[in-house]
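Presented below, as structure tokens, is a lone chain in the form predicted on its own.
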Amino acid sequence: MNGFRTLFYKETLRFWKVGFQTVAAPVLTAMLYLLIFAHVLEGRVQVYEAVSYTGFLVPGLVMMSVLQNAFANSSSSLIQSKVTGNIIFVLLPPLSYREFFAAYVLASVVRGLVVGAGVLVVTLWFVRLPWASPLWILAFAVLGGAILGALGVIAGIWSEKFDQLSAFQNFLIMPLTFLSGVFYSIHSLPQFWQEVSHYNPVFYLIDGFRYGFLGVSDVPPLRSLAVAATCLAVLSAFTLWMLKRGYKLRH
């Protein structure tokens, strides 16, 4: 347990020490998205009755920030440790693979929640959101951060150089997050693309998180919760299997 606490503290401190880059910069990026899309589409697009487009957009931007930064935290930490060679100092102590996994994923959840809270605070200048169900908000935020944190561990273990990690992020994480209904409702898409969207697990995270604020969603929130929990279980099992084998970590 002491090993877990130490590694968790190290991973949390790692991103907090460079908060201007790891927290402030993502908040600024989300703000730019909000300024551009809200300016262009406010008053022209209304997804749900009695909900402005800005009100629809903000929960999606908050959740997208949570997911992207949770992935970035675990994946960047592992690839940096592997490239510089100091991963050995994490592997040598008597730390179980379960503690290793939990420390990296929980630190990713913390970073995701911190960035998400930052985005939410700065958007208060633009729109006042209802909080229809705070427990749903918290549940999907934590689940989303854990899922992308686990995926970040997988990417960090698999990647042997920064180019490979960039490819993982650009060709998987970015499409999954941007094509998940952050900026639009899937009901505005043609039927074929609506069906395709239902195979994107990030869509359920965005939709369930938005339901927590607005009380309306494209799919029932319980279905979104079930999909998110299943994804977390599968990714966690696969990540633990990789860690137990020492895949690309112990040679």
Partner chain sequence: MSSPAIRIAGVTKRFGAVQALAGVDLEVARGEFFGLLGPNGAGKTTLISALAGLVRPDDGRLEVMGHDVQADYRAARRSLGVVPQELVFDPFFTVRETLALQAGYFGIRDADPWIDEILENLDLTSKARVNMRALSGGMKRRVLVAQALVHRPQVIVLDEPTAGVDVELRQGLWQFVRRLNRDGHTIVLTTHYLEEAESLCGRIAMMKQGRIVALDTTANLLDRVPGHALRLRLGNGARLPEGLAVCAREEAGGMVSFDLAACDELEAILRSLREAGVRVEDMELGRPDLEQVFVQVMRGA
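Values in this document were obtained by computation on a predicted structure and should not be read as measured data. Residue numbers count along the first chain shown, from 1.
Another form exists, predicted together with the partner chain; not displayed. Remarks below refer to it.
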Among Met174, Leu92, Leu124, Leu138, which has any heavy atom within 4.5 Å of the partner chain in the model of the complex?
Leu92
Asn170 versus the partner chain, in the model of the complex: is there a non-hydrogen atom within 4.5 Å?
no
Using 4.5 Å between non-hydrogen atoms, is Asn86 touching the partner chain in the model of the complex?
yes
4.5 angstroms heavy atom contact with the partner chain in the model of the complex for Ser133:
no
Would you check, heavy atoms only and a 4.5 Å threshold, whether Val18 touches the partner chain in the model of the complex?
yes
Of 151-159, 124-132, 76-84, 106-114, which is the one stretch near the partner chain in the model of the complex, taking non-hydrogen atoms within 4.5 angstroms as near?
76-84
What residues, if any, in 7-27 have a non-hydrogen atom within 4.5 angstroms of the partner chain in the model of the complex?
Leu7, Tyr9, Lys10, Leu13, Arg14, Lys17, Val18
